[in-house]
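The form predicted on its own is given below as one chain in structure tokens.
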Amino acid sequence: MFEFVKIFDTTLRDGEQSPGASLNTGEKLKLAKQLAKLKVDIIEAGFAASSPGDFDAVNKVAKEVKGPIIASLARANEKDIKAAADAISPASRKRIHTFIATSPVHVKKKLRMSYEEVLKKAVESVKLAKEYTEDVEFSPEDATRTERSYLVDIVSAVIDAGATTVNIPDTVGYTTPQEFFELISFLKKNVNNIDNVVISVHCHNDLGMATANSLSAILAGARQVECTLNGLGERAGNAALEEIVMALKTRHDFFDIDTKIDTKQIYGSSRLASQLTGIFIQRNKAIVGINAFAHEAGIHQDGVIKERTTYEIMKSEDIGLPGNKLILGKHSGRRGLVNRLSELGFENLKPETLENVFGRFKALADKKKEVTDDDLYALVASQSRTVPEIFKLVKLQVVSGNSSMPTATVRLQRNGTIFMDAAQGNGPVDAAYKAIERIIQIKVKLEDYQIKSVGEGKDAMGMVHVRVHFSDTGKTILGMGTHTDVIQASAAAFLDSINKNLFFKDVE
């Protein structure tokens, strides 16, 4: 009988805490549904008590996402635990994940409590959570900097109180693989009731060892790993889901343990997380970076041509990148597009979304010789809106050059009414944004602007992510746009953030 490691995905909670990676409810729900297709065991959908928006997101995931256990994080207090319980109540499988810090610096400087008070609070919180669900997880925050004798005491106490999973977090990415192996082994040896729970680990990447530490913990007996897509998370991020899963799969001969992940969904899940959060994936990122299966050096190319395994230890097909694929171009039809989208994991697009994607695909194919997989991901992402298109870009015209003042004329449509204005700026994008601002009449601040090419070559599409602060709501909102014309992509991204702001303002 095979042993399995449970994959606890916290992209929607810890991953969203990456600076600037805030997701709205619709985006969280969209990513949660993809995580269910990926077949993660547990989705930590958020921190229900942190805000009404987070409560709503956790609640909607609990209502609409089937398969994985749906969890909410909660501090060790009655208010948080009650909010978590209410938020996850619609889920058929639910978990409350409660925590309190246990290291000397946290207990003395942050909590300003005694060790006895912390232990009492931990036990009370687990018992309270058990009143709402049988599945309760407890985390002693900053466990790797906690005195071992105290860690044994608190872990023993919460297990007696009813915890079913005990998570040992390396909250600040401080530990090393050997040290973490020894810590998990120490707990297994010294906590008398440890066999009554699943041991989990949650590793941060501050020293670049999150994946290695997680794998060491598995070797020591941990049977749940908390991780995120693309390693998203606070500071330097968390252990990357794709790295953990593919390390166990590729080196099954060494680890002799499996996951239940559908690895063919990894690439699509990774790209969706990147598009929704606006955090681009570095080219040389393990498993999902665009260089991961690329070979430029002649000796490598020669070896791969003769025998793939000379320089590739994984098949690209295993993560959802088919090796042999149909070339999509201007002569390709709807059936070819639908087939390719299905291979990439987009199997149940709404008819109107598919129609929009097909229209943009044909327009793009007229401009490019070949439409790549990354182009298709971008097209689907740009058409799968989580809010209505309140303002629609009808026309954009810019004049720019080294001897003229950049000027933009913009025509927008809202509820059938056309609005038009023009402005000058420091460049064509700045001019377009100022013209749009004049139309919407809302004071905004552009906090971040990122542009990258989708695919390669001079005909590549541009993907733009912006982060915009709106004075009327006080919200900072991410917008995304794609187009072969980077000025249009920039305008689309700006309008995307504006439409989200207006939508949230109306519904709140």
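A residue's number is simply how far along the shown sequence it sits, counting from 1. On a predicted model such as this, the values are computed, not experimentally measured, just so you know.
What follows is about the form predicted together with 3-methyl-2-oxobutanoic acid, which we do not show.
For the three residues 13, 97 and 141, a heavy atom within 4.5 Å of 3-methyl-2-oxobutanoic acid turns up in the model of the complex in every case. The stretch from 214-222, 388-396, 84-92, 168-176 that comes within 4.5 Å of 3-methyl-2-oxobutanoic acid in the model of the complex, counting heavy atoms only, is 168-176.
A heavy atom within 4.5 Å of 3-methyl-2-oxobutanoic acid in the model of the complex is found for exactly one of 73, 272, 210, 319: 73. Residues 202, 204 are the ones in 172-205 with at least one heavy atom within 4.5 Å of 3-methyl-2-oxobutanoic acid in the model of the complex, listed in sequence order.
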